[in-house]
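One chain comes next, on its own, written as structure tokens: the form predicted on its own.
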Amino acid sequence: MQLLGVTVIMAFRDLRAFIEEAEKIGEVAKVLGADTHSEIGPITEITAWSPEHPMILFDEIDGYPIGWRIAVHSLDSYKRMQLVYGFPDGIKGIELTRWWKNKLDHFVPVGFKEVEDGPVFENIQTGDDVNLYEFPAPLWHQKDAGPYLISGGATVLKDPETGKLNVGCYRGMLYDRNTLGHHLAAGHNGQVIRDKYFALGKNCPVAVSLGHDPSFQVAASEGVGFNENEFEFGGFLRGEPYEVVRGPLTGLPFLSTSEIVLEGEILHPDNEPQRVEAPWGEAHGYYSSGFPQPPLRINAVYRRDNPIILGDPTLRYKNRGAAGGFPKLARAWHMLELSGLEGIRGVGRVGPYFVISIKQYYSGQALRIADYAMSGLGDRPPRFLVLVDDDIDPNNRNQVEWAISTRMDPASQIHIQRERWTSPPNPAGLTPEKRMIEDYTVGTMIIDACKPFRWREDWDKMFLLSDIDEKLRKQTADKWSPVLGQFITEPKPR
């Protein structure tokens, strides 16, 4: 938000405080009486299609106590993203990405503060008293294998070798009153930590928060890597430390103001048979395959009175509004510059393409930058990487597609890589056999749509642009706008 022109970051104590502030600015719509099997999922999906849609707060859910709520679309608008990130009014696109990238360049970790108690302990269930069926768990997509209690949760784990904490977003299918599926996809930090415990012959302790200040969700999905701490990143984002308590059973820290926390352990395959998790509707528009996974047994539940579950199911046509995906683009740009490679002018995303704009200084520079980018930059490598010159806006579909179609020779400027670890939700190249063993390696493509370096000085002389020049455009617009009105475009389309 802004106060007298100064950017202000709001540190919300909990999800309730965030919802209250979002209500004040007209960003919340309430839905009463929907059921978890056939209404909450569809309502969530169809409202996600429109830009700048409101946060939806489901209450009076059929079959559950009044006041036990589910909130979806927490960050799917420009204004709600602004509440969490505190960016100035009006900036969008690459300027917004650059603003957050500059913040990341000056990242200072903010450690958490431990407290003895908190609202999360208002109600406690342990052992045989645990009953996950008490909580509303929607069927988010029509053909999901079952209801998913965890879709917008944040899971805390601790590396048994280094003691470092990790917080990640992993979905959780409801099996029975005290058991969940917990999908830690191969290659994520959570999977590595889980399997370290398994190698020691132990179950993997976890604490899962189901509702919290949205900054904690942002931190859990940021992909900060093993050398950073999501609690510290979230503290940096909100401008002050989180207050945390220690789990009585695991000793893991979690937010004292969380709505619900599940404390338990992912069971070693020698201790408990694996159970099939999924199908689940993925963001690419297909259902993921179901295959055996180690289940998560819940040994204790801590919750507030009238708890709120944060829902964030993956959806094909989810529109996140004018703020878009600037945080992930900013982190990629930030990490690219950490390489020390010269000439990186911006990053963007157009359709399936991750795009980098480059100021060329020497032959081979573009592909050198591409090699670094294909390491993943804290996430999975893109399946399609496009390199463009610095006169191209990497977020502008028309410009990027124009560069690909006019500056790229497929015979020499397309580069195929094989056996690269990429996104498991995308079905292309990932056969059922590969999915069963969690082998998420496929081919990737680099499209070098930069002007060939050796011709760069002569390119514009050899190939003159046919666009109207600015002087003639303005002259024409001034003379004919009274007649043509809205059909006179100003400025020139880009």
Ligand SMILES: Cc1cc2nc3c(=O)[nH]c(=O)nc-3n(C[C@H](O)[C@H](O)[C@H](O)COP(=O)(O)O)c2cc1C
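Quick note: we count residues from 1 along the sequence shown, nothing fancier. All figures in this text were calculated on a predicted structure; none of them were measured in a lab.
There is another form of this protein, the form predicted together with this ligand, and it is not shown here; the text below is about that form.
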{"query": "Candidate stretches 310-318, 132-140, 80-88, 359-367 - the one whose heavy atoms come within 4.5 Å of this ligand in the predicted complex", "finding": "310-318"}
{"query": "Residue (of Q399, T250, N229, N189) lying close to this ligand in the predicted complex, criterion heavy atoms within 4.5 Å", "finding": "N189"}
{"query": "Position in contact with this ligand when the complex is considered in the predicted complex, options R297, R303, H183, R383, heavy atoms within 4.5 Å", "finding": "H183"}
{"query": "Partner proximity in the predicted complex: W100 to this ligand, non-hydrogen atom cutoff 4.5 Å", "finding": "no"}
{"query": "S221, heavy atom within 4.5 angstroms of this ligand in the predicted complex", "finding": "yes"}
{"query": "Contact test in the predicted complex: G168 vs this ligand, heavy atoms, 4.5 Å", "finding": "yes"}
{"query": "Interface membership of S74, this ligand in the predicted complex, 4.5 Å heavy atom rule", "finding": "no"}
